[in-house]
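Just the one chain here, laid out as C-alpha cells, in the form predicted alone.
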Amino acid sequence: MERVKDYLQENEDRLLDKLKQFLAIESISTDPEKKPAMEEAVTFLTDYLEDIGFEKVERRETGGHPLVYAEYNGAADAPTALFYGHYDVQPADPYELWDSAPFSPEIRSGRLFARGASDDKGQVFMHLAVFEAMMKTEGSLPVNVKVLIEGEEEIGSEHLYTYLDDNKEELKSDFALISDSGMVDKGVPTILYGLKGFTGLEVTLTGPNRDLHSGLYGGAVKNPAMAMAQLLATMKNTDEQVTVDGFYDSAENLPEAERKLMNEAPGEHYPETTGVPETAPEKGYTAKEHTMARPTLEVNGLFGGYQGAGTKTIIPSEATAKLTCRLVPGQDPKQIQDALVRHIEAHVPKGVRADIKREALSAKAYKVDPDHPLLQKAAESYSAAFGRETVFVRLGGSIPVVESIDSGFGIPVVLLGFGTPEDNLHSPNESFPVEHFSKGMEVLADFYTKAVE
C-alpha cells in the first residue's frame, strides 16, 4: 500500500496532465455535433485501461453513445467490485460567464477548473489512476474489478438500464463503487448512505384558443396563468407540507438516530451560500433533515403569457408548470405520479383544460445501513487520508443508476465522492480541489485494499 501511495505522489503532476487531456475533450452528450468528441473520450478511456493492464477492454454499442467496459479477474478468490462512472458532461453555456475556457483545463487557487472536473470525469479518472498505480507497483489489483463507464448520464442514461438488465451475468459483482458525488464541506470526509428518488410531470392549462385582449375578455374568460397559480397553491401549504392525497402514505419515518447523524454533520449555511433570507423546511424538521430525508414537491419551471419588456395587456392562451418530486424510501415513483395526476384533475379551476405529461425518467430512493461493513471500511479510508472523522449523511439529490444496481443486482453500492459545495456542478466555472484529487486517490487505494479483508 505504501508503494502505491508513493507512486501516486511521485506521479501526481503527470496524472494531472493526463486528466487535463481527458477534460479537454468536449464530450457533451446532448449535442449531436459533439459525437466525434464522444468517440474521442471513448478512445481515451479504452487506451488508458489497456495501458493499465485490464485483460478485457471493450466499447459496447448501446443505440446511443457507447459504453466502455473492462474487466480485471486476476485477484483469485477476492471479491469483485463493479465500478461505475460516466464520461459525458453538461453543456458549458453560457461561455461568457467562465473565467477560463471550459475545455482548456487550468489550475487556479488550488482548484482545477474545467467542465467535468468534478462531474464526473475527474472522479472517474481518480479510480483509473489508482488502478495504474497498483498495477505498476504491485503487478496486480487487490480485488477483481469490472469497469462500466457510460456516455449518457447527463441525458438520462437512456440506454444504460436496458444494458444492465441484458448483462446481469457478466456484470455480477459483490459490491458496486461510484464516485459521482461530494462531501458536505471541503476536507470533511463524507459517506453518503442514502439518495432520494425522483419523478415528475409537466402540466399545461389551456383556456382560449389564442391570446385575448384583457380589457375585452377579462372577467368573462378564465386566465390560464391565474388558474395555474390557484392550482399550484392547492398542492402545498404554508408549513411546506405537500397536500396531495397519498403523497406521504408510504414514506418511511425518520428515526431519531438518523436525525442526530444529519444534524451533527457539517453543512451549508443556506442564507450565506444561496442568498435566501431564511430557510423554509417542512414544519417539524430542520433544513438538513428535509433536504436529506423528507420528500419534496418543487416547481422547476413556470411560464405563460407575455415575457418581453413593458406591458402587453392579454389573457394568455395557456400556462405551463414543470413539477418534480424527490422521494424517500418507501415511496414508489409511479404511485406518486398517479397521486399528482389525480390531484391536478380534481383541482383544475373552471374555464381551463389540463394537459399532463409524465416524466419518463423516474427512480426509487436508495438507502443502505450506515453500519454496513463496507461503509465502515470506507469511513476508515476517508479518515486516514483526510485526518478527521468521517460523517454519514443522506443526499437530497438522485443518482438513478444506484437504485437500479441495488434492485437489479442485490449488492451494496458504496458512494465514495470527493466533490465540494464550491464545485459549481452544471454551472460556469466548474472546478475540483487539487487536494481532493491527491487525498481522494489515497482513499480509493486504501479502500480497494480493505475490501478484501
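Whichever C-alpha set is largest while still superposing within 1.5 Å between the two forms counts as the rigid core. Remember, it's a predicted structure, so these values are computed and weren't measured experimentally. We number the residues from 1 along the sequence you see.
One more form of this protein, predicted in complex with a further copy of the same chain, exists but is not displayed; see below.
Participant: Can all three of 196, 310 and 324 be found with a heavy atom no more than 4.5 Å from a further copy of the same chain in the predicted bound form?
Facilitator: Yes, all three are in contact.
Participant: Out of 157-165, 203-211, 75-83, 378-386, where are the residues with a heavy atom within 4.5 Å of a further copy of the same chain in the predicted bound form?
Facilitator: It is the stretch 203-211.
Participant: If you check 140, 263, 250, 274 against a further copy of the same chain in the predicted bound form, which one has a heavy atom within 4.5 Å?
Facilitator: After the contact test, the surviving option is 274.
Participant: Considering a further copy of the same chain in the predicted bound form, which of 171, 124, 133, 352 comes within 4.5 Å of it through any heavy atom?
Facilitator: Only one listed residue qualifies here, and that residue is 352.
Participant: Taking heavy atoms and a 4.5 Å cut-off, does residue 222 contact a further copy of the same chain in the predicted bound form?
Facilitator: Taking the distances in the predicted bound form, the answer for residue 222 is yes, it comes within 4.5 Å of a further copy of the same chain.
Participant: Check whether residue 236 has any heavy atom within 4.5 Å of a heavy atom of a further copy of the same chain in the predicted bound form, and answer yes or no.
Facilitator: Judged by the heavy-atom cut-off of 4.5 Å, residue 236 is in contact with a further copy of the same chain in the predicted bound form.
Participant: Looking in the predicted bound form, any heavy atom of residue 215 within 4.5 Å of a further copy of the same chain?
Facilitator: Contact check for residue 215: yes, within 4.5 Å of a further copy of the same chain in the predicted bound form.
Participant: Heavy atom to heavy atom, is residue 335 within 4.5 Å of a further copy of the same chain in the predicted bound form?
Facilitator: So residue 335 does not count as contacting a further copy of the same chain.
Participant: Taking the rigid core as the reference frame, is the Cα of residue 314 displaced by 2 Å or more between the shown form and the other one?
Facilitator: Yes, the C-alpha moves 2 Å or more.
Participant: C-alpha of residue 379: shift of 2 angstroms or more between the shown form and the other one, rigid core aligned?
Facilitator: For residue 379, whose C-alpha is compared between the shown form and the other one after core superposition, the shift is less than 2 Å.
Participant: After superposition on the rigid core, does the Cα atom of residue 222 shift by at least 2 Å between the shown form and the other one?
Facilitator: Comparing forms between the shown form and the other one, the residue 222 CA shifts at least 2 Å.
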